[in-house]
Every structure is written in C-alpha cells, then in structure tokens.
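Have a look below at one chain only, the form predicted on its own, in structure tokens format.
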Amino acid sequence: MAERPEDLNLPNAVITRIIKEALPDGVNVSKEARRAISQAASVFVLYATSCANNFAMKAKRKTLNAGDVLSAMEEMEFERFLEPLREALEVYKKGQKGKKEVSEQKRKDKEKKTDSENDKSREEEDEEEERMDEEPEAENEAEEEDVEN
C-alpha cells in the first residue's frame, strides 16, 4: 500500500489529458477543479479495485481479472459503462493478439536469418576445408615434379 495519501493520486498529466478530451474546445478548467477531479478519480479507482478484489477473493484467487472488474462495475451500479468497457477490453485483446503475432513473426524471421547465416558459415567452412585439402595435394605434386627434374 501507499505510504502517503497523495501517493494514491493519478498523475496530473493524465487527468488533464482526460479532461481535455472529455470537454469541448474553449472550456477552461480551474486548477482547483482539476485537483478535485483527480481526487475523485483516485477514489473511484480505489473503490472499483476493492470491489473487484472482493470478487477475486470469493473465487479464491489473488489475481484480479477483467471479469472481476466488470462484476464490480455492476455491483457499484455503473451498468451503463459495462458495454463500453467490454468493447474497450475487446479492442485491447485484439491489440495484444496483434502484438503477439507480430512478435512471433519477428522471432521466426530472426530464427530464419540465423539459420541462413549458419548455413552460409557452414558452406564457407566446407569450402575452406576443401581448399585446405587441395593445397597439400598441389604441394605434393610440385614436390614430385621437383624430384623428377
């Protein structure tokens, strides 16, 4: 847990950005109002987390999941936010799936590149060994010619 109550507040930059996105252009918000909204948002997050934790505890889990949060929202009587929240979660899941697929593809590409580099190295080594094998034969032939002359 946080040691000081102000540690529980959301960052001012985040609150300011949310406020700007929620209000039409030209509407100003005083510093005092931003502070009040920030504190209210922090209280809401703490309450929602506490309610979601209760659902996780009832299920004998230590990890909160999206279902716990949805149940908490319903218990807190915020049903009108359930559908937008479900939609946002779906978008998040799709984004995570896309990131996972991109990451997997990068890993496969890297493996292919490493494999092809290893194949090239093996080919070069084989060619070098062949050259090394051929050089003593050429030297032996030269020595034999010298001996004959």
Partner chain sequence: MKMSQNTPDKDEDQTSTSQKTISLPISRVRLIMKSSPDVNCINQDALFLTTKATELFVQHLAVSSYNNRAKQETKSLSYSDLANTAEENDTFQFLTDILPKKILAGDYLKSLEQLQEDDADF
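Numbering follows the first chain given and starts at 1. Nothing here was measured: the structure is a model prediction, and the numbers come from that model.
Missing here is the form predicted in complex with the partner chain; even so, the following discussion is about that form.
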Taking the partner chain as it sits in the model of the complex, is Gln105 in contact with it (heavy atom to heavy atom, 4.5 Å or less)? no
Just to confirm, Lys113 within 4.5 Å of the partner chain in the model of the complex by heavy atoms? no
Classify Ala59 as contacting or not contacting the partner chain in the model of the complex by the rule of any non-hydrogen atom within 4.5 angstroms, answering yes or no. no
Look up in the model of the complex whether Glu32 has a non-hydrogen atom within 4.5 angstroms of the partner chain, and give yes or no. yes
Relative to the partner chain in the model of the complex, which residues of 11-28 have a heavy atom no more than 4.5 Å away? Pro11, Val14, Ile15, Arg17, Ile18, Ile19, Ala22, Leu23, Pro24, Asp25, Gly26, Val27, Asn28
